[in-house]
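First, one chain by itself in structure tokens, the form predicted on its own.
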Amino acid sequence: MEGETRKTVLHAWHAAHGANMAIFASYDMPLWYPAGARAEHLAVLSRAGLFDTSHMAVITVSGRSARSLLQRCFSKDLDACLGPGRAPIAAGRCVYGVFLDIRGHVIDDAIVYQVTEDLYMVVVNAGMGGTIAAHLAANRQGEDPAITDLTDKVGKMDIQGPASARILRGLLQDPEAVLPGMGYFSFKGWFDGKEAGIAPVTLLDGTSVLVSRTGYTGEFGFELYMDIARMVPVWETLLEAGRAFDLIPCGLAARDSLRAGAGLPLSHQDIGHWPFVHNPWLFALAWDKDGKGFSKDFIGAEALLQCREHRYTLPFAGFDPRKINACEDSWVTDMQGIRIGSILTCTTDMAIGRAEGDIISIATAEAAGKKDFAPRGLSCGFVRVEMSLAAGETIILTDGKRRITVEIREEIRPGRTARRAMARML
């Protein structure tokens, strides 16, 4: 029912454990727990945090023409998308991209998983399962492939942080068959344990899981998919197993500040109903080897190549923790006070600070010779402005009353661990 507030299966657990709740994409979700958003953010950098992400939507696309349909609708070229050699996607690998309309505007961003030759899983944002399933159905030719919207039928949780693999290892029936050598944007298993030909991944309690080396924090970790009925016991078991590693539950506030510091977009806020050009995430497109055209045709491709959009989406970091809310009553100016654009995201990454002009994080402080570094945090996020600005240029964010100076950056939080080798983390 449109307008109805939804709850994840963990909602009662969140409420019973003192979570501060708020509505996000029609779901009543935890913003933070009693430890607070700052502690949760820092936990993911130093130990581990556990996120309820079962508000995200899962779609399966299955059949002989599943791949060709995704090639038509998804921005990434599945035949040339992995690594510097541009290898094709294969079973056990996944890739990030966007679904565009014919104008080149973003319908939603997504990760596409190849489970088998004829089975793909598409993970999109909360509330977008029906929209993307309908978009795929409208662009298929005939009845094949089958498109199944599994919104609210698949459980999902994310364990993120440097201790994630060590915690997860203690819960897997055969960790040595799962974790060693598992690379970034790879996965193993299947969430219902029924698909023929897929090597199962099973927890000690018998739960079948899909374990994916992905996440939305910029840090090392995993996304776990499972039968929705297994969410509460697995959540509680993970927290208990992680007690020795100081694992804590984390809410959407820490998720937002972590992803912003990592330079990751929030769909329908940092990318959305405008052309997908002039932004930090153009790697999500199917560029050819020359980088001037696309290696395949896909919905929205022609519009992007012909686009004359002159606004730029750029990442920034401030000089202290202060932030300006991103809303209709705030804007961006140049240093002379001339209005040049809007604020898309503005939050505070509590794990970073400035030392002698450079941004360092709690993860890089010792290497920078700042062993006793205690960050106050820096505001960070994305702006959309009327011209291209080089890294290092300063601009002003304001709501008409307060003004903060921020710096255009190529990178915000240094030392991120998402791509770190598994052997190092185990």
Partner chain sequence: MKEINELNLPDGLRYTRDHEWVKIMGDAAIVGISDYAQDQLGDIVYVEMPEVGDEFKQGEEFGTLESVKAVSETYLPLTGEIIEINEALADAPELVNKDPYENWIVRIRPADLSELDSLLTVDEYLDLLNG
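Numbering follows the first chain given and starts at 1. Given the structure is predicted, the values throughout are model-derived calculations rather than measurements.
Another form exists, predicted together with the partner chain; not displayed. Remarks below refer to it.
Peer 1: Candidate spot Asn20, Arg322 and Met350, all three in 4.5 Å heavy atom range of the partner chain in the predicted bound form?
Peer 2: Per the other structure, all of Asn20, Arg322 and Met350 touch the partner chain.
Peer 1: Should Ala368 be classed as touching the partner chain in the predicted bound form when contacts are defined as heavy atoms within 4.5 Å?
Peer 2: No, Ala368 sits far enough from the partner chain in the predicted bound form that none of its heavy atoms falls within 4.5 Å.
Peer 1: Quick one: is Ala253 in contact with the partner chain in the predicted bound form, heavy atoms, 4.5 Å cut-off?
Peer 2: Contact with the partner chain, yes.
Peer 1: Quick check on Arg384: any heavy atom within 4.5 Å of the partner chain in the predicted bound form?
Peer 2: Because no heavy atom of Arg384 falls inside 4.5 Å of the partner chain in the predicted bound form, the answer is no.
Peer 1: Does any heavy atom of Arg38 come within 4.5 Å of a heavy atom of the partner chain in the predicted bound form?
Peer 2: It does: once the partner chain is placed as it appears in the predicted bound form, Arg38 has a heavy atom within 4.5 Å of it.
Peer 1: Quick check for you: of 356-364, 57-65, 29-37, 387-395, which stretch puts a non-hydrogen atom within 4.5 Å of the partner chain in the predicted bound form?
Peer 2: Going by heavy atoms within 4.5 Å, the stretch is 29-37.
Peer 1: For the stretch 364-380, I need every residue with any heavy atom inside 4.5 Å of the partner chain in the predicted bound form, listed N to C.
Peer 2: Stretch hits: a single one, Arg376.
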